[in-house]
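We begin with a single chain expressed as structure tokens, specifically the form predicted on its own.
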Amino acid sequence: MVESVRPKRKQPVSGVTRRKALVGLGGAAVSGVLPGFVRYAQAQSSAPIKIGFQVHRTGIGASYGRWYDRTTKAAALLINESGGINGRPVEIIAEDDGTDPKRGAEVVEKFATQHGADVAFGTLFSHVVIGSAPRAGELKIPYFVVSEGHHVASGMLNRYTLQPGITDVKSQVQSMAPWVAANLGKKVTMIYPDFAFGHDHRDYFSAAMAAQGGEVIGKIAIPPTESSFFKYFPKIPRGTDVLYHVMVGPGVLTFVKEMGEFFGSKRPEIFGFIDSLEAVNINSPGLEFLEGSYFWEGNPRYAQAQSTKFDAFYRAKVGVDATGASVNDPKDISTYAHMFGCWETLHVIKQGMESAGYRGPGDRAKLIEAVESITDMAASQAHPQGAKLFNGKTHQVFGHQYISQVGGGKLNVVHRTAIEDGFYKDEVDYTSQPL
């Protein structure tokens, strides 16, 4: 099923047509007195930039997909209100990939061959990215993913696949392992989903803890479609100082509740990735045991005293309140730690297209090269999560990470990493590959 989100044309009011308005403005518009109006008028008279949005509407990624969708629409609306891209409006063409690798590849092909999309964008779950990226490379359609997996920067994929709006797991865990080792303990048991994203956590956090003199003494892989978890907890080795958990999918609330029932008041330190609680209210019954535990957040769900004006602007535009819930429904909790990646990636696409003078699919190679030339990304309305550095060789962005503690029914930031904490040696140079 395809959903096309087209920019709305402004309707004439009070009998004033668009043509009359332009004539009436005369030289004022030409001289630049009202540049916003001129850009808007130009955008409305030009063919749109078509962005194929590969969205997890169904499957285990559906809760993320719903908020990725809201964030993407909000970013596209803002871009269009500001004159579009190169004077052309943005049109979002959404296709559900079912959080399935095979369907993901089919969706990418539809964008390129049926919808005439300029780029493909938005994919989250790593196994879907890995299944889709080869087809994007074959079709030579730029594929901007919002995934976190290390598969882009590892060199596994191709020059047409980029991740410029969200950091990857290797960078995230490397940034936080020193804090975990220094503050929580050095003997860790990991619980993670049994697919590529979870394997990245297993491999890179194990290495990061070893570099801190720590050790992962237990590794428990769980099928991502599992619905009950009690049978896994007895596998946690005695002597575990820290239980590290990262779960995804519709069973996350059950997972966290059952973890609390298993441990009761006697538990090790708990450090989780917020993936285990994305789209879940931390004040849900059965989660009281999380008080005092810690979570990684890509972007703090709760507005903090030190939150920037850019975060406030972004919250307002996507319709999220200070607690991370929808402004229209306090029970509708956002995937705030991840969905900013859609907002920021769309702004990177805009920056790249404008730098490349992008006109259409014939300029796709120029777009790739323009994005590869980006380095510093300042904190701004386009980058509300914070400043970042983009590595054009590896097609991966690096940014700040946040560690928050559950306290008083809120997530309170206790540590923000430096960008350079997440740096690692390049494993690929995509710019050496042909376009």
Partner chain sequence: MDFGPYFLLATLEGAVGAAVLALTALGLSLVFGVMRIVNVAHGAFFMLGAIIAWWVADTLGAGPMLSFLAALIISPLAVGAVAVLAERLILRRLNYNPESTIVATIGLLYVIEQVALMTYGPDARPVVAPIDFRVQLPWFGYSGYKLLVIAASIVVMLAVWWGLTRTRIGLMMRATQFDSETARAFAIPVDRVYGGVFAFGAMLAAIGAVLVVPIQQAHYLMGNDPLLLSFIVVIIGGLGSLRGTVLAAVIIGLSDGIISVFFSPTLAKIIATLVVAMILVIRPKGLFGTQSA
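Positions refer to the first chain, counted from 1. By rigid core we mean the largest C-alpha set that fits within 1.5 Å across both forms. Bear in mind the structure is a predicted one, so any value in this text is a computation, not a measurement.
The form predicted in complex with its partner chain is left out here; the points below concern that form.
- Taken together, the three residues 174, 177 and 409 lack any non-hydrogen atom within 4.5 angstroms of its partner chain in the predicted complex.
- Its partner chain in the predicted complex comes within 4.5 Å of no heavy atom belonging to residue 380.
- Contact annotation: residue 258 falls within 4.5 Å of its partner chain in the predicted complex, judged by heavy atom distances.
- The shortest heavy atom separation between residue 63 and its partner chain in the predicted complex is within 4.5 Å.
- Residue contact check for residue 327: none of its heavy atoms lie within 4.5 Å of its partner chain in the predicted complex.
- A heavy atom within 4.5 Å of its partner chain in the predicted complex is found for exactly one of 264, 239, 213, 362: 264.
- Though its partner chain is absent from this view, in the predicted complex it lies within 4.5 Å of a heavy atom of just one residue from 208, 253, 141, 217, which is 253.
- Only one of 387-395, 367-375, 400-408, 54-62 lies within 4.5 Å of its partner chain in the predicted complex by heavy atoms, and it is 54-62.
- Counting a residue when any of its non-hydrogen atoms is within 4.5 Å of its partner chain in the predicted complex, there are no hits in 126-152.
- With the core held fixed, residue 131 shows a CA shift below 2 Å between this form and the one not shown.
- Core-superposed comparison between this form and the one not shown: the Cα of residue 261 travels 2 Å or more.
- A movement of the C-alpha atom of residue 219 reaching 2 angstroms or beyond is seen between this form and the one not shown when the two forms are aligned on their rigid core.
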